[in-house]
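Shown here is one chain on its own, the form predicted alone, set out as structure tokens.
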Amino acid sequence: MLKARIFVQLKPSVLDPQGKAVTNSLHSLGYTSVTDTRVSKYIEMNLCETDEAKAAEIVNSICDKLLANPNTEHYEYSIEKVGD
């Protein structure tokens, strides 16, 4: 079995209103040294697959079709063996 760890984030040029809200909230709590916050998605999924190349194809397809909007987001992932 393989585990994919996927990190999806907005492209640097895309405004992040949720990140801005977090920054504003942190400032109101006294954390004024925080200058910028970006909110991202982290997804873990287990794949009943032993071939890492095949797993990478599957993960790329899933990210392209469902998890990331190619117009505003980019993604990175890693794949590792889990269990025996």
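Residue indices: 1-based, along the sequence shown. The shown structure was predicted, so the numbers you read here are calculated from the model rather than taken from an experiment.
Beyond the structure shown, there is the form predicted in complex with a further copy of the same chain, which is absent from this document and is the topic of what follows.
Among residues of the shown chain, Ile43 is one whose heavy atoms approach a further copy of the same chain to within 4.5 Å in the predicted bound form.
Among residues of the shown chain, Val82 is not one whose heavy atoms approach a further copy of the same chain to within 4.5 Å in the predicted bound form.
Put simply, Ser28 is far from a further copy of the same chain in the predicted bound form: not one heavy atom of it is within 4.5 Å. Contact between Cys48 and a further copy of the same chain in the predicted bound form is found at the 4.5 Å heavy atom cutoff.
Within 4.5 angstroms of a further copy of the same chain in the predicted bound form, the stretch 5-44 places a non-hydrogen atom from each of Phe7, Gln9, Val22, Ser25, Leu26, Leu29, Tyr31, Ser33, Val34, Thr35, Asp36, Thr37, Arg38, Val39, Ser40, Lys41, Tyr42, Ile43, Glu44, taken in sequence order.
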